[in-house]
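The chain below stands alone, shown as C-alpha coordinates; this is the form predicted on its own.
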(Lines give C-alpha, C1' and ligand atoms only; values in the text may rest on other atoms or scores of the structure.)
Protein backbone atom coordinates (compact mmCIF):
# COMPACT_ATOMS: atom_id res chain seq x y z
CA UNK A 1 0.00 0.00 0.00
CA UNK A 2 1.31 3.39 -0.96
CA UNK A 3 0.36 6.91 0.03
CA UNK A 4 2.62 8.53 -2.57
CA UNK A 5 0.89 11.70 -3.70
CA UNK A 6 1.77 12.24 -7.36
CA UNK A 7 -0.02 15.58 -7.47
CA UNK A 8 1.72 17.09 -4.44
CA UNK A 9 5.12 15.90 -5.64
CA UNK A 10 4.51 17.19 -9.16
CA UNK A 11 3.46 20.62 -7.92
CA UNK A 12 6.59 20.80 -5.78
CA UNK A 13 8.67 19.81 -8.82
CA UNK A 14 7.30 22.70 -10.87
CA UNK A 15 4.46 21.36 -12.96
CA UNK A 16 2.86 24.10 -15.07
CA UNK A 17 -0.44 24.30 -13.19
CA UNK A 18 -2.43 27.53 -12.91
CA UNK A 19 -5.32 28.13 -10.55
CA UNK A 20 -7.35 30.53 -12.68
CA UNK A 21 -8.86 32.17 -9.60
CA UNK A 22 -5.44 33.74 -8.99
CA UNK A 23 -5.31 35.47 -12.40
CA UNK A 24 -5.72 39.25 -12.32
CA UNK A 25 -5.27 40.19 -16.00
CA UNK A 26 -6.70 39.04 -19.30
CA UNK A 27 -4.18 36.93 -21.18
CA UNK A 28 -3.49 34.78 -24.23
CA UNK A 29 -1.63 31.49 -24.47
CA UNK A 30 -0.86 29.20 -27.38
CA UNK A 31 -0.11 25.51 -27.86
CA UNK A 32 -0.27 22.82 -30.51
CA UNK A 33 -3.44 21.43 -28.92
CA UNK A 34 -5.97 22.80 -26.43
CA UNK A 35 -7.97 20.12 -24.62
CA UNK A 36 -11.18 21.10 -22.85
CA UNK A 37 -11.91 18.69 -20.00
CA UNK A 38 -9.65 16.53 -17.85
CA UNK A 39 -11.68 13.38 -17.32
CA UNK A 40 -11.24 9.97 -18.95
CA UNK A 41 -11.08 11.41 -22.47
CA UNK A 42 -9.20 14.63 -21.80
CA UNK A 43 -6.58 13.09 -19.54
CA UNK A 44 -5.87 10.23 -21.95
CA UNK A 45 -5.59 12.62 -24.88
CA UNK A 46 -3.28 14.98 -23.00
CA UNK A 47 -0.87 12.26 -21.95
CA UNK A 48 -0.61 10.70 -25.42
CA UNK A 49 -0.16 14.02 -27.23
CA UNK A 50 2.33 15.38 -24.69
CA UNK A 51 4.39 12.20 -24.82
CA UNK A 52 4.43 12.56 -28.61
CA UNK A 53 6.19 15.89 -28.18
CA UNK A 54 3.23 18.17 -28.85
CA UNK A 55 2.61 21.20 -26.65
CA UNK A 56 -0.67 20.80 -24.78
CA UNK A 57 -2.90 23.06 -22.69
CA UNK A 58 -5.55 21.40 -20.51
CA UNK A 59 -8.62 23.39 -19.44
CA UNK A 60 -10.80 22.33 -16.50
CA UNK A 61 -13.80 24.22 -15.13
CA UNK A 62 -13.60 22.51 -11.74
CA UNK A 63 -10.70 22.88 -9.37
CA UNK A 64 -7.70 20.70 -8.65
CA UNK A 65 -8.49 18.61 -5.59
CA UNK A 66 -6.21 15.80 -4.49
CA UNK A 67 -5.29 13.62 -1.57
CA UNK A 68 -5.09 16.41 1.01
CA UNK A 69 -8.68 17.36 0.14
CA UNK A 70 -10.19 13.86 0.24
CA UNK A 71 -11.40 13.47 3.83
CA UNK A 72 -14.20 10.89 3.44
CA UNK A 73 -16.70 13.65 4.16
CA UNK A 74 -19.84 13.49 2.04
CA UNK A 75 -21.14 17.00 2.62
CA UNK A 76 -18.03 18.92 1.60
CA UNK A 77 -17.14 16.49 -1.19
CA UNK A 78 -20.49 16.58 -2.95
CA UNK A 79 -20.50 20.38 -2.93
CA UNK A 80 -17.00 20.69 -4.36
CA UNK A 81 -16.42 17.63 -6.56
CA UNK A 82 -19.75 17.29 -8.41
CA UNK A 83 -21.55 19.33 -11.06
CA UNK A 84 -23.91 21.87 -9.53
CA UNK A 85 -23.01 20.71 -6.04
CA UNK A 86 -24.50 17.28 -6.83
CA UNK A 87 -27.88 18.86 -7.53
CA UNK A 88 -27.76 18.58 -11.33
CA UNK A 89 -31.01 17.18 -12.71
CA UNK A 90 -32.75 16.81 -16.05
CA UNK A 91 -34.78 19.74 -17.40
CA UNK A 92 -37.99 18.56 -15.69
CA UNK A 93 -36.20 17.84 -12.43
CA UNK A 94 -37.19 14.17 -12.56
CA UNK A 95 -33.79 12.48 -12.95
CA UNK A 96 -30.78 13.16 -10.73
CA UNK A 97 -27.48 13.41 -12.61
CA UNK A 98 -24.27 12.48 -10.79
CA UNK A 99 -21.30 13.94 -12.63
CA UNK A 100 -17.82 15.04 -11.55
CA UNK A 101 -16.64 18.66 -11.75
CA UNK A 102 -12.97 18.65 -10.83
CA UNK A 103 -9.60 17.72 -12.32
CA UNK A 104 -10.01 14.10 -13.38
CA UNK A 105 -13.74 14.64 -13.96
CA UNK A 106 -16.01 11.76 -13.07
CA UNK A 107 -13.04 9.39 -12.85
CA UNK A 108 -12.14 11.15 -9.58
CA UNK A 109 -15.51 10.37 -8.00
CA UNK A 110 -16.76 7.19 -9.66
CA UNK A 111 -16.98 3.80 -8.00
CA UNK A 112 -14.12 2.31 -10.09
CA UNK A 113 -16.18 -0.24 -12.07
CA UNK A 114 -14.30 -0.79 -15.34
CA UNK A 115 -16.03 -2.75 -18.10
CA UNK A 116 -15.10 -3.11 -21.74
CA UNK A 117 -17.79 -1.97 -24.17
CA UNK A 118 -20.01 -5.05 -24.54
CA UNK A 119 -19.43 -6.86 -27.82
CA UNK A 120 -23.14 -6.70 -28.84
CA UNK A 121 -22.93 -2.91 -28.50
CA UNK A 122 -19.83 -2.58 -30.70
CA UNK A 123 -21.39 -4.87 -33.31
CA UNK A 124 -24.61 -2.82 -33.21
CA UNK A 125 -22.60 0.36 -33.83
CA UNK A 126 -20.84 -1.25 -36.78
CA UNK A 127 -24.08 -2.52 -38.28
CA UNK A 128 -26.14 0.63 -37.73
CA UNK A 129 -23.71 3.56 -37.79
CA UNK A 130 -21.04 2.36 -40.22
CA UNK A 131 -18.43 2.01 -37.46
CA UNK A 132 -16.77 -1.09 -38.90
CA UNK A 133 -13.40 -0.20 -37.34
CA UNK A 134 -14.88 -0.44 -33.86
CA UNK A 135 -15.81 -4.11 -34.02
CA UNK A 136 -14.71 -6.11 -30.94
CA UNK A 137 -11.59 -7.60 -32.48
CA UNK A 138 -10.38 -4.17 -33.61
CA UNK A 139 -10.92 -2.60 -30.18
CA UNK A 140 -9.29 -5.42 -28.19
CA UNK A 141 -5.73 -4.00 -28.20
CA UNK A 142 -7.01 -0.61 -27.06
CA UNK A 143 -8.87 -2.16 -24.12
CA UNK A 144 -5.79 -4.25 -23.29
CA UNK A 145 -3.62 -1.15 -23.25
CA UNK A 146 -5.92 0.96 -21.13
CA UNK A 147 -6.50 -1.85 -18.64
CA UNK A 148 -2.76 -1.98 -18.12
CA UNK A 149 -2.46 1.83 -17.88
CA UNK A 150 -5.22 2.08 -15.28
CA UNK A 151 -4.48 -1.18 -13.44
CA UNK A 152 -7.87 -2.72 -14.21
CA UNK A 153 -8.50 -6.24 -12.91
CA UNK A 154 -11.31 -8.18 -11.23
CA UNK A 155 -11.64 -7.42 -7.50
CA UNK A 156 -10.11 -10.39 -5.70
CA UNK A 157 -11.04 -9.42 -2.14
CA UNK A 158 -14.30 -10.87 -0.82
CA UNK A 159 -17.22 -8.57 -1.68
CA UNK A 160 -18.77 -6.57 1.13
CA UNK A 161 -22.13 -7.80 2.41
CA UNK A 162 -24.00 -5.23 0.31
CA UNK A 163 -22.60 -6.71 -2.91
CA UNK A 164 -22.65 -10.28 -1.68
CA UNK A 165 -26.42 -10.14 -1.26
CA UNK A 166 -26.73 -9.61 -5.02
CA UNK A 167 -24.52 -12.68 -5.53
CA UNK A 168 -26.56 -14.75 -3.06
CA UNK A 169 -29.88 -13.79 -4.63
CA UNK A 170 -28.64 -14.58 -8.14
CA UNK A 171 -27.30 -17.94 -6.97
CA UNK A 172 -30.62 -18.86 -5.38
CA UNK A 173 -32.54 -17.99 -8.56
CA UNK A 174 -30.06 -19.40 -11.05
CA UNK A 175 -29.15 -16.01 -12.50
CA UNK A 176 -25.64 -15.34 -13.73
CA UNK A 177 -23.33 -12.99 -11.85
CA UNK A 178 -19.67 -12.04 -11.99
CA UNK A 179 -16.94 -10.04 -10.26
CA UNK A 180 -16.48 -6.42 -11.32
CA UNK A 181 -13.09 -5.33 -12.68
CA UNK A 182 -11.86 -2.22 -10.81
CA UNK A 183 -9.16 0.33 -11.61
CA UNK A 184 -7.36 0.33 -8.27
CA UNK A 185 -3.85 -0.34 -6.99
CA UNK A 186 -3.29 -1.09 -3.31
CA UNK A 187 -6.93 -0.40 -2.45
CA UNK A 188 -7.64 -0.15 1.29
CA UNK A 189 -11.27 -1.33 0.78
CA UNK A 190 -12.60 1.75 2.59
CA UNK A 191 -15.69 2.35 0.44
CA UNK A 192 -15.37 6.10 -0.07
CA UNK A 193 -14.51 6.15 -3.81
CA UNK A 194 -17.38 8.55 -4.46
CA UNK A 195 -15.89 11.38 -2.41
CA UNK A 196 -12.32 11.17 -3.72
CA UNK A 197 -9.93 8.35 -2.86
CA UNK A 198 -8.04 9.27 0.33
CA UNK A 199 -5.23 6.77 -0.35
CA UNK A 200 -4.62 7.39 -4.08
CA UNK A 201 -5.50 3.77 -4.79
CA UNK A 202 -7.99 4.72 -7.50
CA UNK A 203 -6.25 4.79 -10.85
CA UNK A 204 -8.43 7.43 -12.50
CA UNK A 205 -7.18 10.28 -14.65
CA UNK A 206 -6.13 12.29 -11.57
CA UNK A 207 -3.44 9.81 -10.58
CA UNK A 208 -2.41 8.45 -14.00
CA UNK A 209 -2.82 10.34 -17.24
CA UNK A 210 -2.96 13.89 -15.85
CA UNK A 211 0.41 13.43 -14.05
CA UNK A 212 1.68 11.70 -17.20
CA UNK A 213 0.80 14.74 -19.28
CA UNK A 214 2.18 17.26 -16.78
CA UNK A 215 5.44 15.29 -16.54
CA UNK A 216 5.76 15.91 -20.29
CA UNK A 217 5.40 19.70 -20.13
CA UNK A 218 1.63 19.95 -20.58
CA UNK A 219 0.04 23.02 -18.94
CA UNK A 220 -3.11 22.81 -16.82
CA UNK A 221 -5.52 25.65 -16.08
CA UNK A 222 -8.12 24.68 -13.49
CA UNK A 223 -11.02 26.83 -12.37
CA UNK A 224 -11.25 28.01 -15.99
CA UNK A 225 -14.59 27.71 -17.79
CA UNK A 226 -14.61 27.21 -21.57
CA UNK A 227 -17.09 29.77 -22.89
CA UNK A 228 -16.83 29.63 -26.67
CA UNK A 229 -14.77 28.27 -29.53
CA UNK A 230 -14.25 31.07 -32.05
CA UNK A 231 -14.18 30.17 -35.74
CA UNK A 232 -12.07 31.93 -38.38
CA UNK A 233 -13.30 30.92 -41.79
CA UNK A 234 -13.65 27.12 -41.64
CA UNK A 235 -11.34 26.45 -38.66
CA UNK A 236 -11.38 27.16 -34.96
CA UNK A 237 -9.01 30.00 -34.18
CA UNK A 238 -9.15 30.19 -30.40
CA UNK A 239 -11.05 29.37 -27.23
CA UNK A 240 -12.45 32.11 -25.02
CA UNK A 241 -12.52 31.06 -21.37
CA UNK A 242 -13.55 32.69 -18.10
CA UNK A 243 -11.55 32.44 -14.90
CA UNK A 244 -13.72 31.39 -11.97
CA UNK A 245 -13.41 32.93 -8.53
CA UNK A 246 -12.24 30.82 -5.60
CA UNK A 247 -15.87 29.92 -4.88
CA UNK A 248 -15.73 27.94 -8.21
CA UNK A 249 -19.13 29.35 -9.23
CA UNK A 250 -18.69 33.05 -9.97
CA UNK A 251 -16.62 34.30 -12.92
CA UNK A 252 -13.86 36.63 -11.72
CA UNK A 253 -14.06 38.79 -14.84
CA UNK A 254 -10.67 37.70 -16.17
CA UNK A 255 -10.76 36.31 -19.72
CA UNK A 256 -8.22 33.84 -21.11
CA UNK A 257 -7.78 33.31 -24.86
CA UNK A 258 -6.20 30.02 -25.89
CA UNK A 259 -4.94 29.58 -29.46
CA UNK A 260 -3.99 26.22 -31.00
CA UNK A 261 -3.56 24.24 -34.21
CA UNK A 262 -6.12 21.72 -32.98
CA UNK A 263 -8.84 21.64 -30.34
CA UNK A 264 -10.09 18.55 -28.50
CA UNK A 265 -13.40 18.81 -26.65
CA UNK A 266 -13.77 16.32 -23.79
CA UNK A 267 -16.17 18.14 -21.49
CA UNK A 268 -18.70 15.31 -21.02
CA UNK A 269 -21.90 14.32 -22.78
CA UNK A 270 -23.64 17.39 -21.39
CA UNK A 271 -20.75 19.86 -21.41
CA UNK A 272 -19.40 19.05 -24.89
CA UNK A 273 -22.62 19.58 -26.87
CA UNK A 274 -23.24 22.64 -24.69
CA UNK A 275 -19.89 24.17 -25.71
CA UNK A 276 -20.48 23.39 -29.39
CA UNK A 277 -23.95 24.95 -29.25
CA UNK A 278 -22.62 28.11 -27.56
CA UNK A 279 -19.94 28.30 -30.24
CA UNK A 280 -22.30 27.96 -33.22
CA UNK A 281 -20.14 25.16 -34.58
CA UNK A 282 -21.38 24.20 -38.09
CA UNK A 283 -24.24 21.72 -37.72
CA UNK A 284 -26.12 21.59 -41.02
CA UNK A 285 -28.13 18.54 -40.02
CA UNK A 286 -28.92 19.70 -36.47
CA UNK A 287 -27.28 16.74 -34.75
CA UNK A 288 -25.48 18.49 -31.87
CA UNK A 289 -27.16 17.72 -28.56
CA UNK A 290 -29.41 15.03 -30.03
CA UNK A 291 -29.54 11.34 -29.02
CA UNK A 292 -28.29 11.85 -25.47
CA UNK A 293 -28.39 8.74 -23.31
CA UNK A 294 -28.12 8.13 -19.60
CA UNK A 295 -28.66 4.46 -18.62
CA UNK A 296 -31.77 5.41 -16.59
CA UNK A 297 -31.33 3.84 -13.14
CA UNK A 298 -34.02 2.69 -10.70
CA UNK A 299 -33.44 0.98 -7.37
CA UNK A 300 -34.87 -1.09 -4.56
CA UNK A 301 -33.79 -1.17 -0.93
CA UNK A 302 -34.05 -4.15 1.43
CA UNK A 303 -34.00 -4.61 5.19
CA UNK A 304 -31.77 -7.56 5.99
CA UNK A 305 -31.79 -9.60 9.22
CA UNK A 306 -28.05 -9.14 9.75
CA UNK A 307 -25.96 -5.97 9.58
CA UNK A 308 -24.92 -4.93 6.06
CA UNK A 309 -23.03 -1.70 6.79
CA UNK A 310 -23.51 -0.66 3.14
CA UNK A 311 -21.15 2.29 3.52
CA UNK A 312 -18.01 0.17 4.01
CA UNK A 313 -15.93 -1.78 1.51
CA UNK A 314 -15.46 -1.58 -2.26
CA UNK A 315 -18.67 0.10 -3.45
CA UNK A 316 -19.19 -2.17 -6.44
CA UNK A 317 -17.73 -5.65 -6.80
CA UNK A 318 -20.57 -7.91 -8.05
CA UNK A 319 -22.80 -7.47 -11.11
CA UNK A 320 -25.29 -9.47 -13.14
CA UNK A 321 -25.80 -9.25 -16.90
CA UNK A 322 -28.51 -11.89 -16.82
CA UNK A 323 -31.06 -9.40 -18.20
CA UNK A 324 -28.79 -7.05 -20.15
CA UNK A 325 -28.88 -8.64 -23.60
CA UNK A 326 -31.19 -11.58 -22.85
CA UNK A 327 -33.83 -10.49 -25.38
CA UNK A 328 -31.43 -9.30 -28.06
CA UNK A 329 -29.58 -6.04 -28.42
CA UNK A 330 -32.59 -4.15 -29.82
CA UNK A 331 -35.47 -5.98 -28.14
CA UNK A 332 -37.25 -4.90 -24.93
CA UNK A 333 -34.98 -2.70 -22.79
CA UNK A 334 -32.26 -4.75 -21.14
CA UNK A 335 -30.67 -3.86 -17.83
CA UNK A 336 -27.47 -4.45 -15.91
CA UNK A 337 -27.74 -5.13 -12.17
CA UNK A 338 -25.26 -3.60 -9.75
CA UNK A 339 -25.13 -2.48 -6.13
CA UNK A 340 -24.69 1.12 -4.91
CA UNK A 341 -23.03 2.13 -1.67
CA UNK A 342 -25.42 3.66 0.86
CA UNK A 343 -23.72 6.50 2.67
CA UNK A 344 -25.87 8.54 5.07
CA UNK A 345 -26.13 11.81 3.13
CA UNK A 346 -26.71 10.15 -0.23
CA UNK A 347 -29.25 7.76 1.26
CA UNK A 348 -31.20 10.57 2.86
CA UNK A 349 -31.62 12.07 -0.60
CA UNK A 350 -32.88 8.95 -2.34
CA UNK A 351 -34.76 6.81 0.19
CA UNK A 352 -38.41 7.93 -0.14
CA UNK A 353 -40.18 9.66 2.70
CA UNK A 354 -39.55 12.65 4.92
CA UNK A 355 -39.97 13.72 8.51
CA UNK A 356 -40.44 10.95 11.06
CA UNK A 357 -40.91 8.34 8.34
CA UNK A 358 -37.53 9.09 6.82
CA UNK A 359 -35.89 9.28 10.23
CA UNK A 360 -37.22 5.81 11.06
CA UNK A 361 -36.12 4.47 7.68
CA UNK A 362 -32.60 5.83 8.00
CA UNK A 363 -32.25 4.44 11.52
CA UNK A 364 -32.16 1.11 9.73
CA UNK A 365 -29.31 2.13 7.41
CA UNK A 366 -26.74 -0.37 8.80
CA UNK A 367 -29.20 -3.18 7.93
CA UNK A 368 -30.10 -1.82 4.50
CA UNK A 369 -29.05 -3.22 1.16
CA UNK A 370 -29.76 -1.85 -2.30
CA UNK A 371 -29.74 -3.09 -5.89
CA UNK A 372 -29.81 -0.81 -8.95
CA UNK A 373 -30.72 -1.51 -12.58
CA UNK A 374 -29.04 0.38 -15.43
CA UNK A 375 -31.24 0.37 -18.52
CA UNK A 376 -29.67 0.23 -21.96
CA UNK A 377 -31.16 3.14 -23.92
CA UNK A 378 -30.78 4.07 -27.58
CA UNK A 379 -31.02 0.65 -29.23
CA UNK A 380 -34.71 0.77 -30.14
CA UNK A 381 -36.82 3.27 -32.12
CA UNK A 382 -38.89 3.89 -28.97
CA UNK A 383 -35.75 4.89 -27.08
CA UNK A 384 -34.48 7.90 -29.04
CA UNK A 385 -32.74 9.55 -26.07
CA UNK A 386 -32.82 13.12 -24.88
CA UNK A 387 -31.63 16.50 -26.08
CA UNK A 388 -29.03 18.89 -24.69
CA UNK A 389 -29.92 22.55 -25.17
CA UNK A 390 -28.87 25.85 -23.62
CA UNK A 391 -30.53 27.82 -20.84
CA UNK A 392 -30.80 31.58 -21.17
CA UNK A 393 -27.44 31.96 -19.39
CA UNK A 394 -25.73 29.60 -21.86
CA UNK A 395 -25.39 26.67 -19.47
CA UNK A 396 -26.37 23.25 -20.85
CA UNK A 397 -29.41 21.30 -19.72
CA UNK A 398 -30.59 17.80 -20.65
CA UNK A 399 -34.22 17.15 -21.57
CA UNK A 400 -34.77 13.39 -21.25
CA UNK A 401 -38.27 12.00 -21.89
CA UNK A 402 -38.91 8.56 -20.40
CA UNK A 403 -40.88 6.63 -23.00
CA UNK A 404 -43.35 3.77 -22.42
CA UNK A 405 -40.64 1.45 -23.76
CA UNK A 406 -38.31 2.51 -20.93
CA UNK A 407 -41.06 2.40 -18.28
CA UNK A 408 -41.68 -1.21 -19.26
CA UNK A 409 -38.00 -1.96 -18.68
CA UNK A 410 -38.00 -0.13 -15.36
CA UNK A 411 -41.05 -2.08 -14.15
CA UNK A 412 -39.43 -5.38 -15.13
CA UNK A 413 -36.24 -4.31 -13.36
CA UNK A 414 -38.21 -3.58 -10.17
CA UNK A 415 -39.54 -7.15 -10.33
CA UNK A 416 -36.08 -8.63 -10.75
CA UNK A 417 -34.43 -6.60 -7.99
CA UNK A 418 -37.14 -7.33 -5.40
CA UNK A 419 -37.13 -11.02 -6.29
CA UNK A 420 -33.34 -11.20 -5.85
CA UNK A 421 -33.41 -9.44 -2.48
CA UNK A 422 -36.13 -11.68 -1.06
CA UNK A 423 -34.29 -14.73 -2.41
CA UNK A 424 -31.20 -13.55 -0.51
CA UNK A 425 -33.13 -13.40 2.75
CA UNK A 426 -34.51 -9.86 2.93
CA UNK A 427 -37.11 -9.30 5.66
CA UNK A 428 -38.67 -6.41 3.73
CA UNK A 429 -38.14 -4.72 0.36
CA UNK A 430 -39.20 -1.29 -0.81
CA UNK A 431 -38.99 0.30 -4.24
CA UNK A 432 -37.40 3.71 -4.66
CA UNK A 433 -40.89 4.92 -5.52
CA UNK A 434 -42.96 7.46 -3.60
CA UNK A 435 -46.00 5.15 -3.48
CA UNK A 436 -44.17 2.01 -2.44
CA UNK A 437 -44.66 0.61 1.07
CA UNK A 438 -42.29 -1.92 2.59
CA UNK A 439 -43.24 -5.33 1.20
CA UNK A 440 -43.01 -8.38 3.45
CA UNK A 441 -42.79 -11.08 0.78
CA UNK A 442 -41.92 -11.55 -2.86
CA UNK A 443 -45.51 -12.46 -3.74
CA UNK A 444 -46.77 -9.25 -2.12
CA UNK A 445 -44.16 -7.17 -3.95
CA UNK A 446 -44.78 -8.88 -7.28
CA UNK A 447 -48.50 -8.09 -7.22
CA UNK A 448 -47.97 -4.49 -6.14
CA UNK A 449 -45.27 -3.68 -8.69
CA UNK A 450 -47.70 -4.48 -11.49
CA UNK A 451 -50.10 -1.84 -10.14
CA UNK A 452 -47.79 1.00 -9.08
CA UNK A 453 -47.79 3.98 -11.48
CA UNK A 454 -44.59 4.29 -13.49
CA UNK A 455 -44.40 8.08 -13.64
CA UNK A 456 -41.82 10.82 -13.39
CA UNK A 457 -41.46 12.27 -9.91
CA UNK A 458 -42.97 9.12 -8.41
CA UNK A 459 -40.22 6.70 -9.44
CA UNK A 460 -36.84 7.89 -8.18
CA UNK A 461 -34.55 7.87 -11.22
CA UNK A 462 -30.82 8.54 -11.36
CA UNK A 463 -27.88 8.46 -13.72
CA UNK A 464 -24.14 8.58 -13.36
CA UNK A 465 -23.54 7.74 -17.03
CA UNK A 466 -24.02 10.51 -19.59
CA UNK A 467 -23.47 9.50 -23.22
CA UNK A 468 -24.21 10.79 -26.72
CA UNK A 469 -25.12 14.28 -27.89
CA UNK A 470 -22.20 14.45 -30.35
CA UNK A 471 -22.68 10.99 -31.78
CA UNK A 472 -20.20 9.32 -34.10
CA UNK A 473 -20.99 7.69 -37.42
CA UNK A 474 -19.85 7.60 -40.99
CA UNK A 475 -22.90 9.48 -42.32
CA UNK A 476 -22.60 13.24 -41.60
CA UNK A 477 -26.36 13.60 -41.92
CA UNK A 478 -26.83 11.39 -38.86
CA UNK A 479 -23.77 12.17 -36.73
CA UNK A 480 -21.45 14.92 -35.48
CA UNK A 481 -18.07 13.16 -35.71
CA UNK A 482 -16.62 10.22 -37.59
CA UNK A 483 -15.37 6.97 -36.02
CA UNK A 484 -12.16 8.68 -34.88
CA UNK A 485 -13.94 11.52 -33.09
CA UNK A 486 -13.07 13.97 -35.90
CA UNK A 487 -15.73 16.61 -36.56
CA UNK A 488 -17.39 16.16 -39.93
CA UNK A 489 -17.29 19.85 -40.83
CA UNK A 490 -14.45 21.48 -38.83
CA UNK A 491 -11.05 20.04 -39.65
CA UNK A 492 -9.21 21.10 -36.47
CA UNK A 493 -11.83 19.89 -33.99
CA UNK A 494 -12.05 16.47 -32.33
CA UNK A 495 -14.30 15.17 -29.57
CA UNK A 496 -12.88 12.60 -27.14
CA UNK A 497 -15.47 11.70 -24.53
CA UNK A 498 -18.67 9.71 -24.05
CA UNK A 499 -20.65 12.28 -26.02
CA UNK A 500 -19.57 10.50 -29.21
CA UNK A 501 -21.29 7.22 -28.27
CA UNK A 502 -24.16 6.71 -30.76
CA UNK A 503 -26.15 4.81 -28.12
CA UNK A 504 -25.63 3.98 -24.48
CA UNK A 505 -23.33 0.99 -24.05
CA UNK A 506 -24.89 -1.27 -21.40
CA UNK A 507 -21.99 -0.96 -18.95
CA UNK A 508 -20.20 1.65 -16.86
CA UNK A 509 -18.52 3.81 -19.52
CA UNK A 510 -15.13 4.93 -18.18
CA UNK A 511 -13.05 2.14 -19.78
CA UNK A 512 -14.82 2.67 -23.11
CA UNK A 513 -13.90 6.36 -23.01
CA UNK A 514 -10.30 5.56 -22.08
CA UNK A 515 -9.95 3.10 -24.97
CA UNK A 516 -11.57 5.24 -27.64
CA UNK A 517 -9.63 8.32 -26.54
CA UNK A 518 -6.35 6.39 -26.66
CA UNK A 519 -7.11 5.10 -30.14
CA UNK A 520 -8.23 8.47 -31.48
CA UNK A 521 -5.42 10.42 -29.80
CA UNK A 522 -2.77 8.12 -31.23
CA UNK A 523 -4.14 8.85 -34.69
CA UNK A 524 -4.34 12.58 -33.94
CA UNK A 525 -0.74 12.67 -32.72
CA UNK A 526 0.41 11.04 -35.95
CA UNK A 527 -1.47 13.58 -38.05
CA UNK A 528 -0.21 16.59 -36.12
CA UNK A 529 3.38 15.36 -36.06
CA UNK A 530 2.95 14.60 -39.78
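Positions refer to the first chain, counted from 1. Predicted model only: the values in this text are computed from it and were never measured.
A second form of this protein, the form predicted in complex with a small molecule, is not displayed here; the remarks below concern that form.
Listed stretches are 442 to 450, 407 to 415, 259 to 267, 375 to 383; the contact stretch with the small molecule in the predicted complex is 259 to 267, by a heavy atom cutoff of 4.5 Å. A heavy atom within 4.5 Å of the small molecule in the predicted complex is found for one listed residue only; from 493, 57, 64, 464, this is 464. For the options 320, 203, 99, 279, the one in contact with the small molecule in the predicted complex, meaning a heavy atom within 4.5 Å, is 99.
In the predicted complex, no heavy atom of residue 521 sits within 4.5 Å of the small molecule.
Contact between residue 301 and the small molecule in the predicted complex is not found at the 4.5 Å heavy atom cutoff. Contact annotation for residue 41: at least one heavy atom lies within 4.5 Å of the small molecule in the predicted complex. Interface membership of residue 36, defined by any non-hydrogen atom within 4.5 Å of the small molecule in the predicted complex, is confirmed.
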